[in-house]
Every structure is written in C-alpha cells, then in structure tokens.
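Take a look at this single chain, the form predicted alone, given in structure tokens.
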Amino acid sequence: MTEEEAFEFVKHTLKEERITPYRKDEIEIVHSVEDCINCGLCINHCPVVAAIGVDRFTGPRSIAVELSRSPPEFWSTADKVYLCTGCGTCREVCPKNVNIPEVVNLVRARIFKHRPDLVPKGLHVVREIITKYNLAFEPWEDPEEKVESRDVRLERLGIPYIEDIIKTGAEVLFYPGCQAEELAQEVREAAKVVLSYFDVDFTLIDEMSCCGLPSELMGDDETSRKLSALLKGKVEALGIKKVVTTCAGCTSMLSKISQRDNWDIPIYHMVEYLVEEVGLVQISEALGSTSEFSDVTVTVHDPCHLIRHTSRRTMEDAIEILKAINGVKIVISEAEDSCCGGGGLVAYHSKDVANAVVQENLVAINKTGADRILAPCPLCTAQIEANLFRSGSSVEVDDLMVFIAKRLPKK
C-alpha cells in the first residue's frame, strides 16, 4: 500500500467513525485547553451562566473539557455549546489564555458536519438564507420598498443621502456588513456621509456578500470559507488598500481571515480608521463646531467583538470622538463591557437566553440617567434597543456612526 493509498484509507475510516482531523490552526486551539488549571474564573465571569445558571448552561470550562474526550462525543455538548454567545470574557479572564471561543467554534463545526440533526433548527434557517443569497439576512423582495425605507429613515434622522460609489483603485473599501446592508440601512448611509465629509477615497462592492462569521458560528466551516474566498476575490478585483467596516463582528472576522488568507491589507473598524487615518484634530474641528443640537447625556456599550476579539483601544477612541462633540456629556455604565446577548447566533434559537443576558445592561443603562446609549455595532444596538423598548425604558439607542453623521456640519 502506497502512502497516498494509506492516507485515503485512514480518511475513509475516520469518516465512518465521524471524526474530522484537526487542521494545523485547530491543533494550537486544542493544545491551549491542556493549560486549563480548573480555577473556575471563566464560570464566575460568564454572562450566560450569570443570566440562566449552571443548570442550563454549565459554562466555558465544561465545553473545553469535551476536547479531552474522543471527537464523536462532541455531540454530547449540543445542549450547551450553542448557548455560548462567543463574547470572549472567559478567554480574557483565563490566567492561561485558553481560547474558549475558538473551542466552541471547533466543537460546533464537528457537530454540524457529523450530526446536523443536533444543530438548532433556527440555525438551519439562517444557513438556507446564506446559501441562497450569500447574505446573513434575506434581501428585500421589492428593491423600491428598500429604497423608500432608507429614505424615510434618513429624513427622520436628518442625514443626507449620498450616492453609492463603486470603482476600482480606491484607497478604502467600505464594507457595511449584512445587517447594515439589509436591516440597519441608516448605519450604512451614515458611514458614507462620514467618509465623504472627510474626503476619504472609498468604494463599496457591487454586490454585497457575507464575511462568513455567521456560518462559522453555526459550525458551517465549509460555507464560511467559501464566503471568505468570494469576498477576497472581490477585494482583490477592486484593488483597494484598506477595508473599513461599521460592524464589530465583521471587524473581528475580517481581521481573522485577512491574516489567515493573506489579504495583505489592514482592516479597520470605522472608529479606529477615523482616529488613526483622519485624526482627532480634524474630527474635533468638525464636530466641535456643531451647535444646532440640544445637550445630550450619553452612555456607551462596548461590543464584545471589538474589545475582546479585536482591541479595547477602539472603544477608547470612540470616547475621544464623543468628547469632541459640543453638548455631549458621557456617563459610564457599570455594564459597559458586558455582553448584550446578541452574539453567537443565540437569539436565533434561544431568544430567552439572549434576552436574559442583556438584562444586566438594561439595569446599568437606566441607572446612568443617560438620554441615549451608543454602540459602534448594529447587532448590539438592535439587541439593546429591542429589550429597552420592551422594558418601557425612555432611553434611546443610536449606532455611533449615525450619532456622528447627524452632528457633522453641512458642507
């Protein structure tokens, strides 16, 4: 038997046993679990455990332990591994830096491949949409209605409409992400206003496609990588030098795949780009001259995909931008960096869990006495806004780019 024949035989045997060999990048994740010292810090700090208790979600440590068993036993975690929001708090507090969020992705991928019957039904619905449209949300059936909805939102917010720009050779690709493309159009349009105001040479892609994060989170690694390759092809065809996005999840995913797949261009969240490339001086000059708005007290929510999967510096930059705006008073929420419950696709199959996680945020937000809460992530704003509304709170919610775009002087 040749070496190639032996390898094919082994692969066939593994397939029959429902075992998928680890890739090189996954082996490092597996080895990180060996460093776990069972201190329990991850359980004590897990927002899901705090919200629903260990009887329903036994916590990050129990998920990591499954890696010490044989892979076919991963399916025994299906009742809990899909309740993880992927916030990354466990990794942040772990004295050994065990990469639990990636462990969760690894286990979900094995369940998805070999036991799709154990994947929550709500995630299969999301997969059907992604497979059909290359987007995480079903596009508007009537394009004219989408335009009408956009125009109504912009008029209500007082944000001007700027025609889409699609061209090759631009300095920056603005990548809005699926949610801003289909559901939160005001975020997409606000970002265009901000980029145009500061004379950034930017383009959009002619046909929006997902970065692959939702597919990765449900365990569909094959689709996630196909979407990443599709997007890489579009980026290369445009010949841009930087990618800027307004979505926290897209920021973390694009940063990951650009390094993994050798994009050789930097990825920025819009906040990060404004501070590093436009500069606080120019931003302050523009926003500091605004006087037509009433004074407002704001508090800020830190998206997990920025502070734990990318860099906490991004939210420090966000505060600096807000300090430059006339009439804006900032109060800090006790739960500013607590998970909103919107991550990990949990709301698609266990909305009660996602809503339980966000309760800590709601209590803390109301205690601040703020008029408005801001977050640089459309997923966080949607999750927090829906729950504040249901609770009867008078606190309003804005995406940070919308808040900034409204306050830029008219050129």
Partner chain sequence: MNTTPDVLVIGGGMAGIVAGTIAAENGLEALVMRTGQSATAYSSGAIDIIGYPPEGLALKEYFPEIELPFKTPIDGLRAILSLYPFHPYGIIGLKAEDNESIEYVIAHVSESISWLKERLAGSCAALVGDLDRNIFPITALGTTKPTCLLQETMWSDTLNAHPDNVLIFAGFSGHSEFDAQSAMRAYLESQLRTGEFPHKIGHCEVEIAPFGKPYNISSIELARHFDHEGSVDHLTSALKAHVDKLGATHVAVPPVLGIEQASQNQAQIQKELGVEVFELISLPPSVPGFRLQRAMDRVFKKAGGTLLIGHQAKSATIKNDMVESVVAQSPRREVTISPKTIILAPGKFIGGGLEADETGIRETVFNLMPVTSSLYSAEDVRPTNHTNVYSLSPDGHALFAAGLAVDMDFRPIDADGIEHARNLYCAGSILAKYNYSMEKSGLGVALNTGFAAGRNAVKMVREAS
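Numbering follows the first chain given and starts at 1. From a predicted model like this one, the values you see are computed outputs, not experimental measurements.
The same protein also exists as the form predicted in complex with the partner chain; that form is not shown, yet it is the one meant from here on.
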Given that the partner is absent here, does P95 sit within 4.5 Å of the partner chain in the predicted bound form, heavy atoms only?
yes
Quick one: is R312 in contact with the partner chain in the predicted bound form, heavy atoms, 4.5 Å cut-off?
yes
Applying a 4.5 Å heavy atom distance criterion, does L362 contact the partner chain in the predicted bound form?
no
Can you tell me whether V65 touches the partner chain? I mean in the predicted bound form, with a 4.5 angstroms heavy atom cut-off.
no
Select, from the options 151 to 159, 259 to 267, 119 to 127, 220 to 228, the stretch whose residues sit within 4.5 angstroms of the partner chain in the predicted bound form by heavy atom distance.
259 to 267
Residue within 4.5 Å of the partner chain in the predicted bound form by heavy atom, from I52, C36, A382, V30, is I52
Which one, E189, E181, D302, E272, lies within 4.5 Å of the partner chain in the predicted bound form by heavy atoms?
E272
Residues within 4.5 Å of the partner chain in the predicted bound form, restricted to 116 to 143 and counted by heavy atom:
none
